[in-house]
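The chain below stands alone and is given in structure tokens; this is the form predicted on its own.
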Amino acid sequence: MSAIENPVVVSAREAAPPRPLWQVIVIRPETMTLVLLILALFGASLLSPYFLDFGYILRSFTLSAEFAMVALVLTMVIIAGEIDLSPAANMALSACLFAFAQQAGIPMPIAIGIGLVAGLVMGAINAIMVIRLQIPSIIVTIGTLTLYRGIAQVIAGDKSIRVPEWFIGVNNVLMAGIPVPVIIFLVMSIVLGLVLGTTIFGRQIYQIGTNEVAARHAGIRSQRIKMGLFLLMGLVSAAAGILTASRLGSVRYDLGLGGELQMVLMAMLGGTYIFGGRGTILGTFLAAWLLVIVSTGMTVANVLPAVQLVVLGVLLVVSIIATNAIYSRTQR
């Protein structure tokens, strides 16, 4: 053999062997989330036998279903390299506008339309400042979080705005024994999972989050895709706010207060990479159920709300660290 070896041969020798399939499956954030979900179910069943009742779990999930729906879209936003911390405030303002409109005598379909259009406008405001003005999305959405919540308080004041009796109780409506909000969440999970995992649009979202400059050079219209994601975020947030109004029977400016933490936690706990480019709808789907089991279990165990908030915060930090460690390992 000559002194100068073929570079292709050398690179082939130095390349690491492919990982076994079982190792690829095990070393994934979704696997970690699934294991935690199984452990949470086991632990919760020790606290109360009700956790062995599938109907009880479904009813418990309706309390967080609206946040879970928004978390699915938030997952796609984070994968694209951005973040939105304003959806809970969007929910409150959209619900207040909807409730105020129907209370003023506007027909219910038009009132619902007003709420949804308001959500789209809020999503567009976020998108314009992030995409056109090039302001970091975390700064923009912290600002609009306060802005939207403040406008909601101006509209509703400190009072509750009632909705019609016939509109109350969407969480009690069952289809095949499953509450409607849970069905909506399941359908959204399947549709968005297919879009993100099997379509060109989904692959482009991953490419944008991995390297937006390279994606633009590859002909991907990153600004248009991000604009669409922020608009979808606004629309889904508004719909979630109206569903929450139906579940609660009234609307206040503090509707969904603190929901930002739960939404981000669902995405992070499901393995979505905070810096973009990685994550799955499946992971967020599993994390949503995990979070419901943990929250309901703490409530059954009479854990104080302040302590519950601390536990959720710890879960968020741990999930970010674990996800970063897993992705770092897979890049070796």
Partner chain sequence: MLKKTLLAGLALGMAMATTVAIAQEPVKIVYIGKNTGNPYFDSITGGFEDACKSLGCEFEFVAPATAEATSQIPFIEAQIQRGVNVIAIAPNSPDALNQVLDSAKAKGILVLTVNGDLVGNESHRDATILPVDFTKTGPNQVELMGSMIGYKGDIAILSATTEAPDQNTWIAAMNDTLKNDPKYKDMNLVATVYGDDQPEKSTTEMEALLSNYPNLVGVIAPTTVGIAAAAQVVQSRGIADKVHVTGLGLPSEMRDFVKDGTVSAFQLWSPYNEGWLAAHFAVGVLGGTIKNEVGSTFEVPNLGTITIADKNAMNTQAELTTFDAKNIDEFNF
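Take the two forms, superpose them, and find the largest set of C-alpha atoms that agree within 1.5 Å; that set is the rigid core. Positions refer to the first chain, counted from 1. All values derive from a computational prediction rather than experimental measurement.
What comes next is about the form predicted in complex with the partner chain, which does not appear here.
Taking the partner from elsewhere, Lys226 is found to have every heavy atom lying beyond 4.5 Å of the partner chain in the predicted bound form. Taking the partner from the other structure, the partner chain in the predicted bound form has no heavy atom within 4.5 Å of any heavy atom of Gly193. Taking non-hydrogen atoms only, Leu257 approaches the partner chain to within 4.5 angstroms in the predicted bound form. Using a 4.5 angstroms threshold between heavy atoms, Val317 stays clear of the partner chain in the predicted bound form. None of 242-250, 100-108, 197-205, 211-219 except one has non-hydrogen atoms within 4.5 angstroms of the partner chain in the predicted bound form; the exception is 242-250. Residue Val300 is the only one of Leu282, Val300, Leu36, Ile274 with a heavy atom lying within 4.5 Å of the partner chain in the predicted bound form.
With contact defined as any non-hydrogen atom lying within 4.5 angstroms of the partner chain in the predicted bound form, the contacting residues in 155-179 are Asp158, Ser160, Arg162, Ile168, given in sequence order. Once the rigid core is overlaid between the shown form and the other one, Val303 counts among the residues whose Cα shifts by 2 Å or more.
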